[in-house]
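The chain below stands alone, shown as structure tokens; this is the form predicted on its own.
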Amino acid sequence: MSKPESNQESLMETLIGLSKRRGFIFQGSEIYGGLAGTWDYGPLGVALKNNVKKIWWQRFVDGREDMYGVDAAILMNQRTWEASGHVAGFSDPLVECKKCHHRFRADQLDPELAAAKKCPDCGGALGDVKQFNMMFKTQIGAGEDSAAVSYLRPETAQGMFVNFKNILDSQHPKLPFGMAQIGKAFRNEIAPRDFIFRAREFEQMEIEYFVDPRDEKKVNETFDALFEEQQKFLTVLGLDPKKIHKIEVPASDRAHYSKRSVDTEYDFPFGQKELLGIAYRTDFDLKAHTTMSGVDLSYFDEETKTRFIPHCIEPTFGLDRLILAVLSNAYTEDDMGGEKRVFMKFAPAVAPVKIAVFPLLKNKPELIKKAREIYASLKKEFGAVEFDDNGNIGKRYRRQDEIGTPFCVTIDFDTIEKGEGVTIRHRDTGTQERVSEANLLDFLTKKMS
């Protein structure tokens, strides 16, 4: 994997600062000193995240005939996690310094320090490696015995597997078909790091796609087709293809349930790391839940009159990692008018604010009135439209550049007195053009697409 360059490391710090200043992402519980591994999304961050989720849902659920959406509970019966193997095996190797008592993931230590059992923080001696289960344990109800134990789900996948029979009984789908879900997951990471890349609370977008295992060629074709759909989705988000890498995961590194896994890695500011994944989980999960629950999770093929347990292909998307990729990919610096300019080069589809509407001067009622009229008509059509009359026009352009607004619409006296339309200013180039008011909606609609 590639190592980050020094300027890339500073980019990470810049992104964190910009995210807070402009209302994308804040440290969780910041007024109390924060809580490691937790992050709060501000107004622009929520808008960015929702845009990504809408695009994903349209492409993988609403845009298909073979996908069924679910929203499973975060808290599940503890036997779910026994069946899936999480209670026994969902762990990371942990080492603790005997001197400063800082804890580290053993597999992420510098090899020389690990070999010497030396703490990277204080130089003290490290203890023996222990396995640390990453699930957050909680109690259900007033009881405190083992029957009251539950967990915050560490993944969304199991919520779909336990609803497999419900989908069969209520929707009567024919193979192949998939279940899709967007939701929160929780992992008690030993060392959360790299901003929102590795956190203790995060959001996943996952698909469990069920196939007939008897046609191996078709299974492989479906796996490849779903992988290609993942890649197309990334292009819609505007990510640079040169920063995207396909990694065929060797058997030694695959999860125990996976027959084949392919990771999609991305060049983040801190190096090339996993962004997406797709795994052929075979029938591991449905079989495990059948055994643990005693409920038959097989599929009956009406055409062949045979019953079998389907196999599953799982494309998974870490939403927070996607947001970080979109932010780092969009960050751009250039020179405009002899001054350094910072702008977020978001694809219009994901931009938190699509259009900003300005009156040229904020102290002219006739300009404000007309600008408000145009603002209202555009907001009705595009939703994510902002009215901005704070400061001079240059400062407004710079502010909109920094939050990634693709187009600014300025209303001036020629708009009112001569009927000569409005000025459209393009974020990426800073160029401006005049567009008639009658053609404004059509012009912006075409540019958005």
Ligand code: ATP
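Just count from 1 along the sequence shown to find any residue number. Since we're looking at a predicted model, the values are computed, not measured.
The protein also exists as the form predicted together with the ligand; that form is not presented, and the subsequent description refers to it.
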**Asked** With the partner left out of view, is Gln181 within 4.5 angstroms of the ligand in the predicted complex by any non-hydrogen atom?
**Response** no
**Item:** 4.5 angstroms heavy atom contact with the ligand in the predicted complex for Thr316
**Value:** yes
**Asked** Does at least one non-hydrogen atom of Glu274 fall within 4.5 angstroms of the ligand in the predicted complex?
**Response** yes
**Prompt:** Is Arg187 one of the residues lying within 4.5 Å of the ligand in the predicted complex, judged by heavy atom distances?
**Reply:** yes
**Item:** the ligand: the contacting residue among Val326, Leu378, Ala356, Ala199 in the predicted complex [heavy atom, 4.5 Å]
**Value:** Ala199
**Asked** Which of these residues, Gln204, Ser261, Asn133, Asn163, gets a heavy atom within 4.5 Å of the ligand in the predicted complex?
**Response** Gln204
**Item:** Partner-proximal stretch of 187-195, 338-346, 116-124, 363-371 relative to the ligand in the predicted complex, 4.5 angstroms, heavy atom
**Value:** 187-195
